[in-house]
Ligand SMILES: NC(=O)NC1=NC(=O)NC1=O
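One chain follows as structure tokens, the form predicted alone.
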């Protein structure tokens, strides 16, 4: 997709198209729309990153709380966003056996109890064994370190979602 097409989008179409590049946070897309014209995909990503990094810690944690648990209730009930469903599926989270589901439930619960937000990892860049290992390992972090680590993962997810949108046909997304 040509960047000129992106820059010509109405506010409503821009938010509709980019509203879930950060999970369930269309406010971010709404906030960066006014920065048009964008030079390229990297410019859009830079504005999103700048917005996220400008937030206080409570705002960053709010973004993290918008993410679903991996292999959690939303996956089991079919209420994940389309993007999260695809990402969890690619990582193998949709094919867990009952013992693995219980392990993920236990680890997700422990993580949320410790940090106050769900575990976030770029599922598209990991497989289930890596995810379980990272979840176990990151439980050892302190809250500030983990918040920043999770925001780094949000940025990876955002980058891949942006590329998915911009490198595909815009007409199929609207």
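Residue numbers count along the first chain shown, from 1. Keep in mind that this is a model prediction, so the values were computed, not measured.
The same protein also exists as the form predicted together with the ligand; that form is not shown, yet it is the one meant from here on.
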query	finding
Residue 147, heavy atom within 4.5 angstroms of the ligand in the predicted complex	no
Touches the ligand in the predicted complex: residue 117 (any heavy atom, 4.5 Å)	no
The ligand contact at residue 24 in the predicted complex, heavy atom, 4.5 Å	no
Residue 166, heavy atom within 4.5 angstroms of the ligand in the predicted complex	no
Triple contact flag 67, 87 and 123 to the ligand in the predicted complex, non-hydrogen atom at 4.5 angstroms	yes
Residues of stretch 8-34 in contact with the ligand in the predicted complex (4.5 Å, non-hydrogen atom)	none
